[in-house]
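What follows is one chain in structure tokens, specifically the form predicted on its own.
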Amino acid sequence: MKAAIEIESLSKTFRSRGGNEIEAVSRLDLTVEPGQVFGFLGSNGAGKTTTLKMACGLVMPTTGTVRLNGFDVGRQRGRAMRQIGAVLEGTRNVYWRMNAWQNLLYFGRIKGISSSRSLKTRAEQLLRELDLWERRKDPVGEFSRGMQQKVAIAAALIADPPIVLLDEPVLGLDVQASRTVQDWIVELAKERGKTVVLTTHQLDMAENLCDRVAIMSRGRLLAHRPTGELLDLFRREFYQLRLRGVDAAEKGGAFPGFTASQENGHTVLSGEVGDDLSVFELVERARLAGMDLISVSPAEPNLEEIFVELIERAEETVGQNGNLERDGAGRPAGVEIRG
């Protein structure tokens, strides 16, 4: 089966106002298979949005290629662009002076829908699915940030593209609207066979939705695995100690490497039990510190914990010049996890 997205040796270097070169994306190799929700994760400045803009043809790469369903974005731009619909965070994706209905008709036309009947049917379907039908004649500039985001998503999907790029798609949405969009993302991939590339800082959402994730730092790929495999890879002896009383957190120094949180008037200490520490020793430490131990239970690592650990590992390898140290193949030293 042909890959939905193929990225080979992709790099982008910008020049700052001071004349210094900034490498936003460095020698990125990435493949996204069709029909999956793919999480593209990283801290601010990691290079995610720059990569998506190169995939959309909005930014020209310094080196490398991007192919969408086999069409090269650089050499076959027209055919490649018909493969995708995109919502880019921080970019005005729709025209605020036009109403929602006008926006969808406009973007449908420029994306090649020639039949007025088909276009109007598709526009109505999208607006109803996103609970915008009753507001279709109102200028988008008068909408809330969340409603504007939903119009942008509808505009990205108006031509029914096989690949959908969503950069922070639930930003500004309330809980109910966010749930609607998340359910829709799953439906797009699982029921309609679309490839959805999702960037988000909400890692719990990424863990729930994504079949596979890639994690970037400083323009370089740190991890690229199925979500379940990545969680399994980092599954170690994590435990939670529940202690009676909020003031127990003050004695958390007895558990170096553990984090303390408050829950229902109790303190919960969470951390890893390594080779040099046993569960029985944890219980003994609590007793010696005068803590009233309620329970000890195993805890599974989540995607947020894995993300933080990978980024911290990457930062530890940053040289004095501010760049990640690299091995002989030019890859990040000591942090890369491929799959």
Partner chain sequence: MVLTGTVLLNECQKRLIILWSYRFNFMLETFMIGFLFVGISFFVSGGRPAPEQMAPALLGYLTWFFAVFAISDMSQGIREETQTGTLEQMYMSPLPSGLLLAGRSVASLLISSGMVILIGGILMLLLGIRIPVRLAGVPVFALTLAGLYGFAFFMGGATLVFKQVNALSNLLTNMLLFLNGSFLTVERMPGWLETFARSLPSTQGIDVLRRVVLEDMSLTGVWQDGSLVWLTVHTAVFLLAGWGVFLWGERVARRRGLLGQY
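The structure presented is a predicted model; accordingly, all values stated were derived computationally and were not measured. Numbering follows the first chain given and starts at 1.
Keep in mind the form predicted in complex with its partner chain is missing from the figure; the text below concerns it.
- Residue 110 belongs to the set of residues with a heavy atom inside 4.5 Å of its partner chain in the model of the complex.
- Under a 4.5 angstroms non-hydrogen atom cutoff, its partner chain in the model of the complex has residue 53 among its neighbouring residues.
- Interface residue remark: residue 271 is not counted as part of the site for its partner chain in the model of the complex, having no heavy atom within 4.5 Å.
- Residue contact check for residue 106: one or more of its heavy atoms lie within 4.5 Å of its partner chain in the model of the complex.
- Comment: its partner chain is not present in this chain, but in the model of the complex one of 311, 32, 59, 286 has a heavy atom within 4.5 Å of it, namely 59.
- Checking 145, 75, 117, 92 for any heavy atom within 4.5 Å of its partner chain in the model of the complex turns up a single hit: 92.
- Considering its partner chain in the model of the complex, the lone stretch of 126-134, 202-210, 258-266, 78-86 in range is 78-86 [heavy atom distance within 4.5 Å].
- Counting a residue when any of its non-hydrogen atoms is within 4.5 Å of its partner chain in the model of the complex, the hits in 8-23 run 12, 14.
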